[in-house]
Every structure is written in structure tokens, then in C-alpha cells.
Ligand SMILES: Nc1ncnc2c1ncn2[C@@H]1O[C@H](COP(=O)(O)OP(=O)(O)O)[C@@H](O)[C@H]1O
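First comes one chain, alone, set out as C-alpha cells in the form predicted on its own.
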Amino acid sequence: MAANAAKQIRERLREVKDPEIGRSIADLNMIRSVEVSEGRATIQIALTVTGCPLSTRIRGEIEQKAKEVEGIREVEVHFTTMSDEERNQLNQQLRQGHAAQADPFPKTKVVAVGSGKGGVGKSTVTVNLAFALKSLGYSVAILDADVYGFSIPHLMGLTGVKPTVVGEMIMPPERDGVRMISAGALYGEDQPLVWRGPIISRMIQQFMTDVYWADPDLLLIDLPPGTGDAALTVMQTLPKGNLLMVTTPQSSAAHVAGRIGHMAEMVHFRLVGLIENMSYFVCDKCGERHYIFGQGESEKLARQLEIPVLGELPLQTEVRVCSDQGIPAVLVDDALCENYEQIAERLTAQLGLRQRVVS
């Protein structure tokens, strides 16, 4: 009876995934032992690192799965830590075939989000678009290539959350299933990075090859504004990348945005569309739209580059407040979420992705 219950528990534990790696704890050889006696299950689990920040979450899921087995009334979970040799083996398992690929993301649609100048809300758009894509059923991750001006950790509410490192493989932090890596996850939020171009390029390449991304459907890369080293490194490293441009209605913003569009064409990066941010302001008293920064420049740029305008986003106080608090606005504003989901649907159509069925 006890042996059969222990076997059933092991089978149920196959459904428990390591939150950072996204694979079954059974496949990762984390289950050390399962013993059952008089309705009590004692389970020993080997964590990848000492003091795993998500051990409480793992414990809860293990207890839940074990209690699904008939006759199990109590569950004790004891944690130990993998040896250096076991971690090295796991590192090799995670790396297998990854670094050797000419394309580091052969199964993923990569979309670099770029702008000609700063201040257009590119990073805010990147984060909210990622969560809109997630709500449509896609697996999504964000690579923050804006090394000098990183803001993705703050916008996702992940400030101060450090990635776990298994061997030489970095496990990216995540929020609600959206993974993220950024210089801001490795260094302090207020620490200036006084680096020259070659170091920036090496860090971005390391983010591509030494981070365990788990083959998401889409990887959004938040580019720094302009056409500098970081943007060039991304475009030259990814042979099948796509560029999504973000601009605002002013003619100056649209004009400089055209530069990164032409740069993408020069290195054979595919242009998939344009998002106009801060397009208009809706008066909270009369409901009328006010086009504070003008109209028509983004459409003109899109025609020149022969790409579609995927959407127009309003200028909203709520977005600023949510961003300051580290909350993606689409998670709390239904109207904005609908707007972003429409953009997400148009983007995935441009990328040729099959529509997902959300349960």
C-alpha cells in the first residue's frame, strides 16, 4: 500500500515544474525520495541552489499534488541542495545545442522594439505589449538591451529581484509568466554602467546565449533609442529578427524614427509595423479626443517604410501611475488592455503566428 502510494505521488510530482526553469522537477532529477507511512508522505527535494527564492512556491505545489493521492493526509517536504557535479550536469542539459546554434532563438519569433529617440514610451509599450500577448495565450519573454537606460525591471515590478544562476546558466526573473533579463537585474537600479560599446555588445550577446529562455513563442527585445552599438549588435546577431517601431505624433519623433527603420532594412531586419504612442488625450469631462502632439506624421512614416500602423495608444495618467508603481497598466485597465490586445493580434498576424485559444 505505502509503496503504491509513493509511486502515485512520484507520478503526480511530474506535474510540478521548477518555476525558474519551467520543466518538471522529475525531469530535472530534483526528487530525491518519497516515503509514505500511515497517511504521512515525507518528500525530499534537491533544489538547484541554496536558499532558492521560490522554494515556498515549490513546497506548496508539492504538498498539493501529494495530497491528491488517496489516503495522504499530511505531507512533509524537506529541501536539500544539488552538488556542484549535479549542477554542472544540469547546466549541460539546459545548454545542450543552445550555444552552438547560429540562431540563438530558432523556435522563437524575435521582435526588437525600437525608436529613433528617447521619451516616446518604448519600454512601457514593450512591457504592456508582452502582457497583452501573454493574455492571448502566447509564451513571452523580454530582453532589455537598453543597458545604459534600463527600466524593464522597474516597469515589471521586479526591482531588486536577482536571477538565479545554475552553473553558468542564468534563470531570468519572471512576473505572471513573463520572463525578463536586464542589466538592471544584475546591478543596482541607481548604479551607472560606465561601459564602452564592445562591453555592451558582449553583455547583450550573453543575454542571448547564457540565459535559459525555454523557447518562448515571442521574445521582445527593448532596444535603446537610436542606431548605436546595442541596436546593431541585436540586428546583426539575429538572422530572422523583426523590428517593431514606436513613435509619437510629432514630426521630429517620426523623422528620427525613420532612421532606425532604414538601419533595419540595411541589415535585412524585417519591419513588421509601427505603434504610435501618446496619440491623443481623452478629456475625462467631455470624452472628446484631443490630438495634443498633432496627427498624420506616423501614417506618413509608415507609408514611406511600407509597413502598417498596428495601433494608436492614448496619453493616460493611469499608465504613468502604474509604471511608477511597477504595475503593467494592461493588468488593471480593461480599456487599455483591449487596445493592446488588438495591437498584439495584428502583430502576431504580421508574424504569421497561429491564433491561440485562451482557456
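In case it trips you up, residue 1 is the first one in the sequence shown, and so on. Here the structure is a predicted model, which means the values were calculated and not measured.
One more form of this protein should be noted, the form predicted together with the named molecule, which is absent from this view; the next part is about it.
The named molecule is not drawn, but in the predicted bound form it has a heavy atom within 4.5 Å of G121. For the chain shown alone, V319 is a contact residue for the named molecule in the predicted bound form, at least one non-hydrogen atom being within 4.5 angstroms.
Contact annotation: M278 falls within 4.5 Å of the named molecule in the predicted bound form, judged by heavy atom distances. Using a 4.5 angstroms threshold between heavy atoms, Q44 stays clear of the named molecule in the predicted bound form.
Taking a 4.5 Å heavy atom cutoff to the named molecule in the predicted bound form, the contact residue among L315, A26, I327, V69 is L315. None of 230 to 238, 158 to 166, 205 to 213, 270 to 278 except one has non-hydrogen atoms within 4.5 angstroms of the named molecule in the predicted bound form; the exception is 270 to 278.
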